[in-house]
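Just the one chain here, laid out as structure tokens, in the form predicted alone.
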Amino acid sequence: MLEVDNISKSFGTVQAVSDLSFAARPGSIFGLLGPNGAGKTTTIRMILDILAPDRGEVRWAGRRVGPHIRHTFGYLPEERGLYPKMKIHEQLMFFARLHGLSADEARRRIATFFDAFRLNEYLKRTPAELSKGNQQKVQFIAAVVHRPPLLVLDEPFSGFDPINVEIVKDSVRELVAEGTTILLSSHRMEQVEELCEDICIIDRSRSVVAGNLRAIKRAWPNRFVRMTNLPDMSFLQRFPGVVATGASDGVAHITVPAGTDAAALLRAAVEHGPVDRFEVAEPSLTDIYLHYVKPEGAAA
């Protein structure tokens, strides 16, 4: 288990991370979210032992993370970094050997990844000869070739088309099935929501919500109804706390308290006109994020 225990970090007068705690369970995907400048990158650097916390501790399997433990981790940074003049195969071999793989095992794993990522034709090319998407796939392989117990992914899907997003997601799921714990930082809410079981959202250096995503959704005070936008929506006034928040493409968007009788709401709608769409949904991760993360300049 990855344990982030009450860590803080400041740079001069700037408090980058304040009393942050969370835990990522073995063989799971944990989402670390927040706006630019919230402290995500500083947190990741403390997890990877690149920066030392001013207070608190980062532990892996109960031991404080130091150079020997950090060496086993995998890391895909947001800022890409491949050796520009070194052949792809050569540098992947270099990274694999740095993590202790034999030459034969490294070649076998690289070949498997190149088949899965459709990169075989680029094996003897340099990064400069590859598209940004293919460069990113190569760097992903470099981060996972040694099958790390902990993999930190910082914006792993940026620059990918939908097909390659699915290839990377499949690879992430395979790693989790094999026991790898993954810390995923991304602004792509739909992908975090699809992949992550647990999350932590930070804003202005502090955690604003953390825990199991399903539990956070179940505890949310409101639900969201999407239904046919009828000419007369006055029937909503019969239901306390129900608010129409707008409409688009013939669909009304309605916020309802969690205890509202959805069946009664549907019956009332049907009385006022033909209803060909009616669905009740829990809040999305985007809804949760927008609730907790305040716009720049707003009061915390």
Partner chain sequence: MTTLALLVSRDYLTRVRSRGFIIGTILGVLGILALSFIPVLGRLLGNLFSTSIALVGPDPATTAIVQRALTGDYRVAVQKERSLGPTLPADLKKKLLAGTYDAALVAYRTPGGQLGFAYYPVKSAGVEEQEVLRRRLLQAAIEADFQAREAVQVAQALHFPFTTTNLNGRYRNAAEVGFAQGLVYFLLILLYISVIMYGVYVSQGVIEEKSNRVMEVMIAAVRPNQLLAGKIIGIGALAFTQMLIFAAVAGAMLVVAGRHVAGPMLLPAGSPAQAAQGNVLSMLATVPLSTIVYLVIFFVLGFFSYAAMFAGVGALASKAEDVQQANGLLIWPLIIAYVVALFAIQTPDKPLMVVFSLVPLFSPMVMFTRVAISVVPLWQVGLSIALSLAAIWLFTLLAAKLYRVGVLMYGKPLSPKEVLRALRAPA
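Since this is a predicted model, take the numbers as computed values, not measurements. Numbering follows the first chain given and starts at 1. The term rigid core refers to the most C-alpha atoms you can superpose between the two forms while keeping them within 1.5 Å.
Not on display, but discussed next: the form predicted together with the partner chain.
Peer 1: Only one of H89, H99, K169, R226 comes within 4.5 Å of the partner chain in the predicted bound form by heavy atoms, so just point that one out.
Peer 2: Looking at the other structure, the residue within range turns out to be H99.
Peer 1: Quick check on this chain: which one of L51, V58, A247, A269 has a heavy atom within 4.5 Å of the partner chain in the predicted bound form?
Peer 2: Of L51, V58, A247, A269, the residue with a heavy atom within 4.5 Å of the partner chain in the predicted bound form is L51.
Peer 1: Does the trio P67, H71 and L82 actually contact the partner chain in the predicted bound form, every residue with a heavy atom within 4.5 Å?
Peer 2: Verified in the predicted bound form; spot residues all in contact, yes.
Peer 1: Would you mind picking out the stretch of 176-184, 200-208, 109-117, 73-81 that comes within 4.5 angstroms of the partner chain in the predicted bound form, counting non-hydrogen atoms?
Peer 2: Every other range fails; the passing one is 73-81.
Peer 1: Counting only non-hydrogen atoms and a 4.5 angstroms cut-off, does F94 reach the partner chain in the predicted bound form?
Peer 2: The answer is yes: F94 has a heavy atom within 4.5 Å of the partner chain.
Peer 1: Although the partner chain is absent from this view, report whether Q139 comes within 4.5 Å of it in the predicted bound form, heavy atoms only.
Peer 2: Q139 belongs to the contact set for the partner chain.
Peer 1: For T126, is the C-alpha shift between the shown form and the other one 2 Å or more after core superposition?
Peer 2: Yes; T126 is a residue whose C-alpha shifts (by 2 Å or more) between the shown form and the other one when the cores are overlaid.
Peer 1: Comparing between the shown form and the other one on the rigid core: C-alpha of R173 shifted by 2 Å or more?
Peer 2: Comparing the forms between the shown form and the other one, which are aligned on their rigid core, R173 does not shift its C-alpha by 2 Å or more.
Peer 1: Take the rigid core as the frame of reference and indicate whether the C-alpha of H71 shifts by 2 Å or more between the shown form and the other one.
Peer 2: Stays below the 2 Å threshold, so no.
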